[in-house]
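There is one chain below, alone, in structure tokens, taken in the form predicted alone.
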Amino acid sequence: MIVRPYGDTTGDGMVQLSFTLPIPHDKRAEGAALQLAGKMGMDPAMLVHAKPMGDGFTFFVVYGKVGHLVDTERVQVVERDYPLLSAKEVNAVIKRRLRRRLNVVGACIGTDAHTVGIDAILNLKGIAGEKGLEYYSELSVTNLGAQVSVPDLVETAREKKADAVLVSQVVTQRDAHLHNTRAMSAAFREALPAGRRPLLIVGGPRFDELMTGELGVDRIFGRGTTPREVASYLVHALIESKSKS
């Protein structure tokens, strides 16, 4: 299916774009914003908002027409390839098939102090009306919180005999989330043999879910992920898939 951006009328190709330029706000800055929009393929481009952002920076919003089309058949995404289970179903599968509690260790690693994401998945209160993994009676959850070093995470995972390690990364300046994830996966590969290595799962708003192989992890979850999705994946990856192999 071929689609075109929609702004005011169907198929008009109109898009809105926001960005910041490292120059003070004046007429020249506004002209620079329009020049950039034009080089990005917006023709014509209209400046609809400009605001100083501290000393020497200006935030812009531009609106204009692009000629690009999108072929939805060529879009690559990671589809959910496992059933979405209720908490009761997750607990039942673990109890029947694993016959022990499934151990999960979670953390924000490196200098990342943003625990909102990992807390939403792990903590009892959860998010958006869904209880977190602490609510699941057959899951044993250890939440290490913020700014956890990779060696400490590996050691805790070893001590807890973790079946899965969940890492949240929100800080993305200079690709910190990618560097931290690669360092984590390398540390686990070095510390534990393949048969004893936990499932490695990372999540955050700026991860590309197609990069699991490149980052050395088993699964990447993006924005909007719920505790139920994660719990269902754990059952699928650690119990259901292994029983079929």
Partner chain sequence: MAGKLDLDPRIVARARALAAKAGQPVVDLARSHTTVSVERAVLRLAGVHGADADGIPWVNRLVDAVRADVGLGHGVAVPVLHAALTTGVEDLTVLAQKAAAGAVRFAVPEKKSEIAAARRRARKAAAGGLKIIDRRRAERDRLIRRYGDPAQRPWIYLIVATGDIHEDIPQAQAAARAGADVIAVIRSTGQSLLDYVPEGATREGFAGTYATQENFRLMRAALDETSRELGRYIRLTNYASGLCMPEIAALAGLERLDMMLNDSMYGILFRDINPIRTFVDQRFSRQVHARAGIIINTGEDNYLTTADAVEAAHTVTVSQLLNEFFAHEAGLADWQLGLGHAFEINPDLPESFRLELAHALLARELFPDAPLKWMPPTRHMTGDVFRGNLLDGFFNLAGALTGQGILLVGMMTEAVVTPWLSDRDIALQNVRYVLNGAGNLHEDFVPGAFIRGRAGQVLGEAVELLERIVDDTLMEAIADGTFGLMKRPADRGKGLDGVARQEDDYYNPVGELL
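Residue numbers count along the first chain shown, from 1. Worth saying up front: this structure is predicted, and the values here are computed from it rather than measured. Superpose the two forms; the largest set of C-alphas matching within 1.5 Å is the rigid core.
The form predicted together with the partner chain is left out here; the points below concern that form.
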Next item on the list: Counting non-hydrogen atoms within 4.5 angstroms of the partner chain in the model of the complex, say which of R197, R206, R182, K65 makes the cut.
Entry: R206
Notebook entry, point to check: With the partner absent here, would F57, T115 and R174 each sit within 4.5 Å of the partner chain in the model of the complex, counting heavy atoms only?
Noted result: yes
Item checked: Answer range among 40 to 48, 183 to 191, 24 to 32, 57 to 65 for contact with the partner chain, defined in the model of the complex as heavy atoms within 4.5 Å -> 57 to 65
Note to self: Taking any heavy atom pair closer than or equal to 4.5 Å as contact, tell me whether T72 reaches the partner chain in the model of the complex.
What the structure shows: no
Note to self: in the model of the complex, does L36 come within 4.5 Å of the partner chain, counting heavy atoms only?
What the structure shows: no
Next item on the list: Flag Q147 as yes or no: does it have a non-hydrogen atom within 4.5 angstroms of any non-hydrogen atom of the partner chain in the model of the complex?
Entry: yes
Margin query: I'd like to know whether S86 contacts the partner chain in the model of the complex, with contact meaning heavy atoms within 4.5 angstroms.
Written below: no
Margin query: Once both forms sit on the same rigid core, is the C-alpha displacement of L21 at or above 2 Å between this form and the one not shown?
Written below: yes
Next item on the list: Spell out whether the Cα of V61 moves at least 2 Å between this form and the one not shown when the two forms are superposed on their rigid core.
Entry: yes
